[in-house]
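The chain below stands alone and is given in structure tokens; this is the form predicted alone.
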Amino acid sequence: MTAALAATGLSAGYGAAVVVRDVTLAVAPGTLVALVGSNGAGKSTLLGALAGLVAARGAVTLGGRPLDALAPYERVEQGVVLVPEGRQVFAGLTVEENLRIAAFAPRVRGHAARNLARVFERFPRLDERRDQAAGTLSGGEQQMLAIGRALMAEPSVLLLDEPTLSLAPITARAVFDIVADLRAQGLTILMAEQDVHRTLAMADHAYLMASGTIVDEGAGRALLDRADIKRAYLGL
């Protein structure tokens, strides 16, 4: 089976600083794949490179088609959409404006009204606040908005970078429920997340990163049951 998203020999960084080194991974269609590792392991840089936002060398393919020469907006047009760390909503725009601005790609421009209705159906809280400035939302509401904004672009592969960062536990659980629901509906997801226990418990497959490289991989629950990973990442 051709991977929905794959990277081969991918190295990436900022200027002369190489952060990610020779990474090879594959995300099967319709699966949730996790990137786990400590802070500074290179997870966000890797996601940025896959989205075209970080300079990289190596091969990136979407359904077997090369993405290497494509700019970030062109990768969005192809279906690779990133929800960045820290949400990064447009604080001065309303909720609805934040959502509509994501429907810029020609592939989805004609579906904006339909997709907006679907996002509001999925996130009723956003519908209630559609005319409210995004910067006045709570952290959890902003995360809903960031995910909803990505869904406006009709992703074939959704890249999630630390979606529960700085959220209260009850809100973080709600975000994990959203991710599980999207996966259940067939969306392909690659997610970097600090909550290793919950992430591995729900992931179909996982890659463990350290110092910018992939040091291990396997089924999420299989890694979760490993004593060395429990000691290193779960404090068990």
Partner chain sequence: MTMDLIASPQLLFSALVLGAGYALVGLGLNLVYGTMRLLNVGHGDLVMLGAYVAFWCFALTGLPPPLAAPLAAALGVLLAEALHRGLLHRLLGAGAERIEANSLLVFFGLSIIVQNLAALAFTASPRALRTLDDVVHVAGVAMTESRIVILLVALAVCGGVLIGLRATVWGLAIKAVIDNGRAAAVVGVDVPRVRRLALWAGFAIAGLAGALLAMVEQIGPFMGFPYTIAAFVVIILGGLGRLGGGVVAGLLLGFVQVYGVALTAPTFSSMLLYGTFVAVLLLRPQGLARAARIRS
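Positions refer to the first chain, counted from 1. The structure presented is a predicted model; accordingly, all values stated were derived computationally and were not measured.
Below, we refer to the form predicted together with the partner chain, which is not included among the displayed structures.
*Asks:* Would you check, heavy atoms only and a 4.5 Å threshold, whether residue 164 touches the partner chain in the predicted bound form?
*Replies:* The answer is no: residue 164 has no heavy atom within 4.5 Å of the partner chain.
*Asks:* Given that the partner is absent here, does residue 53 sit within 4.5 Å of the partner chain in the predicted bound form, heavy atoms only?
*Replies:* Within the cut-off, so yes.
*Asks:* Is there a heavy atom of residue 90 lying 4.5 Å or less from a heavy atom of the partner chain in the predicted bound form?
*Replies:* Yes, residue 90 is a contact residue.
*Asks:* So in the predicted bound form, does residue 122 come within 4.5 Å of the partner chain, heavy atom to heavy atom?
*Replies:* Residue 122: no contact with the partner chain in the predicted bound form.
*Asks:* 82, 104 and 109 - do all three of these have some heavy atom no more than 4.5 Å from the partner chain in the predicted bound form?
*Replies:* Yes, the whole candidate spot contacts the partner chain.
*Asks:* Exactly one residue in 116, 76, 126, 158 has a non-hydrogen atom within 4.5 Å of the partner chain in the predicted bound form; which is it?
*Replies:* None of the others qualify; the residue that does is 76.
*Asks:* Check each residue of 185-219 against the partner chain in the predicted bound form and list those with a heavy atom within 4.5 Å, in sequence order.
*Replies:* Heavy-atom contacts to the partner chain in the predicted bound form: nothing from 185-219.
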